[in-house]
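Heads up, what comes next is one protein chain in two forms, each shown on its own as structure tokens, labelled structure 1 and structure 2.
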Structure 1
Amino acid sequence: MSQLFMFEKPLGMRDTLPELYEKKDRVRLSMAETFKLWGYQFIETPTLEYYETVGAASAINDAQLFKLLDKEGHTLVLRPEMTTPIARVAASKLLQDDLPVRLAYSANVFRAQQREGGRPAEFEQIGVEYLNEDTISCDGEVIALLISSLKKAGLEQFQISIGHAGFAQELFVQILGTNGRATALRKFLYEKNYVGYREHVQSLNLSSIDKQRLLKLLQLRGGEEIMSSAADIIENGEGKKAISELEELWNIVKDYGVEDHVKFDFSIVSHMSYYSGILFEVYAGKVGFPIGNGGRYSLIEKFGKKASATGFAVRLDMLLEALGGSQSETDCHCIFFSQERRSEAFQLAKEMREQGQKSILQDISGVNNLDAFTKKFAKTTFLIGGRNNE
């Protein structure tokens, strides 16, 4: 083991300094405010969970979990995402009376990074889960809320790409017959390897019509007009259901008036078999990675309760990156005082604070470099010496 440097932090762990904290807090609050206005209630769950339950149910790669042992020798994990813990709480407590439940969270999650270790291994996710309802209205609400909250946070240029987990799966099974043979193709899609996908399709012993259907899947992205192309390559059953769900979703999104931010993409397949229906990713102009994602899942079943749910999570650090570096303006007022006028200064600060004006009380004898310190504030007042000399 190499020796640790004095200021070193565990790999991927970062400090949030006041300026960044304030920015983050503003974004978090504006998102949270929107969630609350839509009637979502915030909850908290423990940072540590059991590996055997939440760890195993989570869609996050085992290698990315931080594991540790408790006193009894049980393996614990630092929660790698919030959906699974919420599914656990929901199954055990919140779904007793079988009604729809709207929950929100903002919490730090932990994922060990395999590549470029300096990437954040702890980051904040803010999101919602809409539990125990399987109407498309519910998927639509979650997407509309996502758009509304991102706008409220100040993001202008972003796009939500919506797909359906059932479509590709059904197409593969219809053409290839078995789930096992579908897995190979799904893997290519998941790995974004379209070259490999095409080669694999060409190597299969299929009619050229079926091959064309499989290849066509890669082109199914765009506006609502692609629905009819999608309908052309799928036969009846689950696949058609996927299309009609997306069509209904499109109408819902239009009724919310947020269709400008929405596109469709049938080739989106997320973590192997995690999502069960409509799923989506959020992209922002300036960031090279998706800033958030979500969709419908049946995860709660792993905790013994039959219930469908949908939700999304946005990565706060990515969202901040997308929002760009607007200089945070300081709106704090600094009152310098000396002993003689201390009580007057305290009175002034009290008045300011009551009016909601941030103010600092600074004993002038405690500051060495007055010029440098003064620059940090929007306004200053000097209450020093025997007389009034502002």
Structure 2
Amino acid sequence: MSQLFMFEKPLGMRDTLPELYEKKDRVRLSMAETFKLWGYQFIETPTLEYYETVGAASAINDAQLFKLLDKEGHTLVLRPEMTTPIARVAASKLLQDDLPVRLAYSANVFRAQQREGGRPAEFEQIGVEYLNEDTISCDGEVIALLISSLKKAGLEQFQISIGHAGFAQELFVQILGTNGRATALRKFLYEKNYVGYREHVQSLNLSSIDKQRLLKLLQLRGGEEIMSSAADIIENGEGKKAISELEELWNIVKDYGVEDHVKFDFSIVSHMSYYSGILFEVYAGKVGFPIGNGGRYSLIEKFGKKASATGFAVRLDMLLEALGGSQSETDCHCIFFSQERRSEAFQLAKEMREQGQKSILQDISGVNNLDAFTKKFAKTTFLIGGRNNE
């Protein structure tokens, strides 16, 4: 064993110690239960996929893919996200009856990081995909489910920022003529670099009116009152359609009663090229990055099946950060026993477990620092010699 790498891990990989694992597990289970109550069924896909299918169809940058070769020489990838593998399964096995399908998942995904990045290369996503329906009701449902599941997980202060992939794209086409000329602007928006966006707009050879239209995009944030302002900077076409869809979505969100957690932001864009309609991001106060995102996409068509879909993914590591330093569970009961009362201790633990209570059996002769060990538990019982102490 190399001494140099004895305690090291590959770049971007992390250990999850018991206390953090317990917190993650509680959050995962609470969200999963909410998904099931809304009628979503869980699915699993392989950790390894073919590069030529899932790897190529995914919108993740090729440099972030973990690649390896199988024995036949085929290039494989560790799945970089879950939407593409689910699209593969749906197109091949789940959409033959041409009915809406509601799926959920919780899985680790893998994205290679640069050494200076400091970000995890493996992290867990939990989310849903609502397949083969293109109504705005479908988009409203997944947003309402997202809000409900976050509340169930214990998150109180958060906001869903909602935009539309078609609005900024249409605005850029109307003013700049081609999508290629808008690449820099889209990059600034995705990175939330609004200073860079403004400076780039000012450097463009455009009329003052068109520059103002591009700059006003950054101001289109708020409630339904911003819809008229959005209409003022866009001409007829896909941009007007995007506004109409967002107006309809707002009415659906209000009917669900979750509008307090929703704001519109027309400047939202995604680096995921398959998003084609309403899209959204989740923000929480203690985290500087979105803890989740989602939206409508047309990815399934890459696998030969014409079907629209929408969904969301939440990063569990960032959600835990947003939840803050909640205390680990202390409801575990520790039963210390000596050899002469071992059978009695075993029976007590059995009875407690049958009643759904957590219990640990500990031979007292195996503990060197009793005071430190007892502090780990909410309650302790000592079955030692002829006495019974709690």
Partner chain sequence: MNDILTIAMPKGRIFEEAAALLRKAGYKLPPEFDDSRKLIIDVPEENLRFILSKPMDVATYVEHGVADIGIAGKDVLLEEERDVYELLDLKISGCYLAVAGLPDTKMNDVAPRVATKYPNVAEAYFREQGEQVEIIKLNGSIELAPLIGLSDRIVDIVSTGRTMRENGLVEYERIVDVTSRLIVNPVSYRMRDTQIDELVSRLHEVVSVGEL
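It should be emphasised that the depicted structure is a prediction, and the values quoted were computed from it without experimental measurement. Take the two forms, find the largest set of C-alpha atoms that superpose within 1.5 Å, and that set is the rigid core. Every residue number counts along structure 1's sequence, beginning with 1.
Trainee: The form predicted on its own: is that structure 1, or is it structure 2?
Mentor: Structure 2 is the matching one, since it is the form predicted on its own.
Trainee: Relative to the superposed rigid core, does the CA atom of E238 travel 2 Å or more between structure 1 and structure 2?
Mentor: Yes; that C-alpha moves by at least 2 Å between structure 1 and structure 2.
Trainee: Using a rigid core alignment, state whether the CA of D255 is displaced by 2 Å or more between structure 1 and structure 2.
Mentor: Moves: no, less than 2 Å.
Trainee: Q212: with the rigid core matched between structure 1 and structure 2, does its Cα shift 2 Å or more?
Mentor: It does shift by 2 Å or more.
Trainee: Fit the two forms on their core, then tell me the C-alpha shift of F172 between structure 1 and structure 2 in angstrom.
Mentor: Core-aligned C-alpha shift comes out at 3.2 Å.
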